[in-house]
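A single chain, nothing else alongside it, follows as structure tokens in the form predicted on its own.
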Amino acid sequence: MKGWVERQQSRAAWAFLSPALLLLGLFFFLPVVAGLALSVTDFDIYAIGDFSTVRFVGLRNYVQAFTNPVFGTALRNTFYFVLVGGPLSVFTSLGAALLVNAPLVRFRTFFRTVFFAPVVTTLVAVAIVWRYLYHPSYGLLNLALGKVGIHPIDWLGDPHWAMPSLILLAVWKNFGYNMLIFLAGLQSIPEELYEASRLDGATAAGRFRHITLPSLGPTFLFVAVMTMIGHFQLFAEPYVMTQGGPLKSTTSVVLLMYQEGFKWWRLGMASAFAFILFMIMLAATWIQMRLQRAEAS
């Protein structure tokens, strides 16, 4: 009787899971397998009309990717965006969470709404607005700098300033989501720990270092991994604001992949770019998780 009940429960579980598994297989795993197959072929615009022209080229696309100077530039730009913009976004989110969680701050609900509002706005619309903010002649940012005697900066036209400008936009656009994650982590810390530390004479800095930060360890891991994955997929900001310029200083791997696949119709090469980026993201995620486990132990 017990075995029959377990079999019925197993069948019911598979019946409920089957629609979701079918959708995942159809719209996620199947495209991934198809993309991997494309990456080892010379699939291009001619192959769309005649599949007989497709040839198996093995790892040639991957070799050409690493010998392509444009891909190297795009990879460096992407790492720059991740290594600078990622930590900046995480710590901005943590600071905002600490601010709106402080008991002495009034109108905390209002600030949470204001900080989260950029997350739900359309990135393309936001990027267009920020293009006017960055305008070298009549942008509000240069007008503000002029008030303090600083000469105007061509934010999006100068190769040295273009990527920092995109990083600033990305941090402003996305920190509200991570703020809510940190806020949930802060509110899950038992208040008794803070009360005990106050009785022992711990300062605010000491409580933050010895209670808040260790308690937020799993939250930090989740936020760091999700932020890193999102930053590696840099596309909309340079596509709308700079088109990869100036001098390819904002060309990202995903933007280059888009250009290869849908501008030049070299879909085999574009698929190779995608899987190289996937392996980099997978390795970076694994490293972050190992570091977190090492710190926890």
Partner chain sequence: MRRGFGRILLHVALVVGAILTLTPLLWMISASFMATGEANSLPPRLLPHSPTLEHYVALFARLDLSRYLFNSALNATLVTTLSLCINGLAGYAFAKLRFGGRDRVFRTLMAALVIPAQVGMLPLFLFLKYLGLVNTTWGVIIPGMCSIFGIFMIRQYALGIPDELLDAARMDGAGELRIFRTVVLPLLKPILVTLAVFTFLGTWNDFLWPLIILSDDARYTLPVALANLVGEHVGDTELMMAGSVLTILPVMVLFLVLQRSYIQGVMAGSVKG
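Numbering follows the first chain given and starts at 1. For clarity, every value in this text was computed on a predicted model and none was experimentally measured. Definition used throughout: the rigid core is the maximal C-alpha set that superposes within 1.5 Å between two forms.
Keep in mind the form predicted together with its partner chain is missing from the figure; the text below concerns it.
_residue 183, heavy atom within 4.5 angstroms of its partner chain in the predicted bound form_ = It does: once its partner chain is placed as it appears in the predicted bound form, residue 183 has a heavy atom within 4.5 Å of it.
_in the predicted bound form, is there a heavy atom of its partner chain that lies within 4.5 Å of any heavy atom of residue 148, even though the partner is absent here?_
Residue-level check for residue 148: no, no contact with its partner chain.
*Within a 4.5 Å heavy atom cut-off, is residue 213 in contact with its partner chain in the predicted bound form?*
No - in the predicted bound form, heavy atoms of residue 213 and its partner chain never come within 4.5 Å of each other.
*Looking at the partner-bound form in the predicted bound form, is residue 203 within 4.5 Å of its partner chain by any heavy atom?*
Flag for residue 203 set to no.
*asked:* I need the one stretch from 174 to 182, 189 to 197, 76 to 84, 160 to 168 whose residues put non-hydrogen atoms within 4.5 angstroms of its partner chain in the predicted bound form.
replied: Selected stretch: 174 to 182.
*Spell it out for me: taking its partner chain in the predicted bound form, does every residue among 47, 118 and 236 have a heavy atom no farther than 4.5 Å from it?*
Every listed residue reaches its partner chain in the predicted bound form, so yes.
*Determine the residues of 50 to 87 with a heavy atom within 4.5 Å of its partner chain in the predicted bound form and present them in sequence order; the list may be empty.*
The stretch touches the partner through 51 alone.
*asked:* Please state whether residue 14 has a C-alpha shift of 2 Å or more between the shown form and the other one, with the rigid core used for the fit.
replied: Yes, residue 14 moves 2 Å or more.
_At a 2 Å cut-off on C-alpha positions, does residue 24 qualify as shifted between the shown form and the other one after fitting the rigid core?_
It does, since the residue 24 C-alpha is displaced 2 Å or more between the shown form and the other one after the core fit.
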